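Below are two forms of the same protein chain, given as structure tokens: structure 1, then structure 2.
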Structure 1
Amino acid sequence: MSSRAPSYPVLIGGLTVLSILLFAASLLIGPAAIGFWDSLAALIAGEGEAATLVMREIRLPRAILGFMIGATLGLSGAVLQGLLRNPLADPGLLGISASASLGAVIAIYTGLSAAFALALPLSALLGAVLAVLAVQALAGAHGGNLTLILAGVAVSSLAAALTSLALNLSPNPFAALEIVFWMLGSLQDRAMTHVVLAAPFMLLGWAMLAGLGRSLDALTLGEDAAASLGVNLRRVRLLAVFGTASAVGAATSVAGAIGFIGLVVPHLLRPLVGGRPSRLLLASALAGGAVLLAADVATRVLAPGRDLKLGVLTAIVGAPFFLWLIYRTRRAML
């Protein structure tokens, strides 16, 4: 049948090629007027001082972070949707993104980010760690999925309220503007220092999440059936929560809050992998990286020189899809 979904190897191969092409586009597209061959020569051989600076210190870390953050959001979204058996789940559900944002806001509000450049991402990472510890403490060792969701919503609401309070009490308008701009999400002006800081935590999170595929497959049969098949539900939940915290916390710490990728990407790919969570993980990671790279390239093409924020673009595209998803889910329940 010509209308059936592509085979899994074909899907993964296609997403890999797409990611490579978009990674190359991220390296080659920008406000600096550098030709194709000059860009390659600067990146590989270091020819031309100005071009080498642009390629190695500006575009390369931006492209690396773009793919890694997109992959983090796609992978964590797929894991949480499989764990909670809810297609509307995303990494923000556990309060990690909001708490990481709060940590960064505190660094800006107190002036730490001005005194020490890495204070902002480090504070955001600390916020993510405290959030997941709070969620786990509230949910308890034997808490179910509903308890976990409610704990995440409570932590997220508290973090959002404290962020609003920091904005309200900001000592000067410049600090408030910096807070708002950071919260909109962006990869602009990121350096290799940010890659070195965030990559280990994201890789650790990936390692914790990647091995959950078979357990998530068993969970599609229900928790009782999964437990009878030997799945340790508590272990799966801990790995999912702490893996998401490590990866998404690190991603948020260097790029700000970027929404909807963790929600949209797994949902779009699920029919193409036969609804199997184990196959969805790698596909969502590759597609998430590709989507974020494409969005970052679009910010440079659509509004050159206007500093269009990445989180704004993903929200503009993702919010209508979210509304459509809610509408379709409601119709399916009738």
Structure 2
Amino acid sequence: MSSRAPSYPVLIGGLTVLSILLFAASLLIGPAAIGFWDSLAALIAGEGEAATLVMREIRLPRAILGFMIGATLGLSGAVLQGLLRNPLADPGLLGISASASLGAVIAIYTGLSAAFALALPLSALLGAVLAVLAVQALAGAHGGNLTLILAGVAVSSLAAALTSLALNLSPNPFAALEIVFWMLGSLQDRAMTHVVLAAPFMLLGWAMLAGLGRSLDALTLGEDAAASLGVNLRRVRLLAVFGTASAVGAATSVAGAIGFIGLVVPHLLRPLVGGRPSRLLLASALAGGAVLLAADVATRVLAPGRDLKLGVLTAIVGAPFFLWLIYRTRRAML
């Protein structure tokens, strides 16, 4: 198996090319049929005509957010799986995304984010931090697969229920319909304002997570061995928790909770990087971005004009994978 795996530079190069191609597809595919060269001309050299507006104000922010949010989910999944040494760790399953949604919902529907724009990502970040801390407290530092997943399910359900409650209690009749957005996520008509709001927090999160590779490598030998190799476990945990919360919180605050990418992507790539967490991080980030871009293009191709939610597609692919993973994990435990 490992002999057939591509070398690391080839893998990273391939994923980069794939991401660029899907980013281009995201820019070129949409309800307004604009030709290939016309699109590029409008994007780069246009001067305020309709096609330029479509490319710069509608499709570009959507493609940027698609890649960044996918990369955030892939990277966070890889870090969480490495940190907790648990193949089932993922921002969605651990309730981080759902709690970030709750934070965002509270900021938006109380009118806080209208008064103070940064309240949106900050409130989502706070929700995400609380979720990680709650799951860690419930599952304990050495918690097994089962406790971790149960804690995640509990936190996730509670956050989802509170989100629904908040939206149902809103005096605005439309709010209750928006439960779907916060549970399944969408990039429909996201604007540059959303990029400006969320990107700094995602970049900050990436910066905190990117340096963890070596420590995660050491952690594969166990916590004691890692500590003897000079790994500061407290620092690693702190960076992982706040990095994930910052990136996933910001991503969720503008696009809702998108599941399964953080679970599936690191798994598919692990054999290709020889099981080394340090190499998995960059690969997962690139692949996560590519997967989300592909899913977002698919929503536009499969059901144009219907705002098919992203979480629907990621779950259709991700949930069967999750089942297979549980089946395999169970067999391994026997």
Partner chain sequence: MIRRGLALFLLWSVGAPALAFAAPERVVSMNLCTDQLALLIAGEGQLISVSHLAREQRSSVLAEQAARVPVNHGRAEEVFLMRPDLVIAGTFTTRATVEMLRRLGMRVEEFAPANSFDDIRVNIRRMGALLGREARAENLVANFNDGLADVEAAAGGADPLAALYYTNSYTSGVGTLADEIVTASGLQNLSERYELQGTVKLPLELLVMGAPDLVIGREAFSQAPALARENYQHPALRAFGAIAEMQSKYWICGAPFTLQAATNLLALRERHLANETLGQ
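Rigid core: the largest C-alpha set superposing within 1.5 Å between the two forms. All of these numbers come straight from a predicted model, not from anything done at the bench. Residues are numbered by position in structure 1's sequence, first residue being 1.
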The form predicted in complex with its partner chain: 1 or 2? 2
With the chain divided into two rigid bodies between structures 1 and 2, is Ile34 grouped with Leu146? no
Rigid-body rotation of the smaller part against the larger between structures 1 and 2, in degrees? 26
Ala166: CA movement between structures 1 and 2 [superposed on rigid core, Å]: 2.6
Let me know the CA shift of Leu93 between structures 1 and 2 in Å, rounded to one decimal, core fitted. 4.9
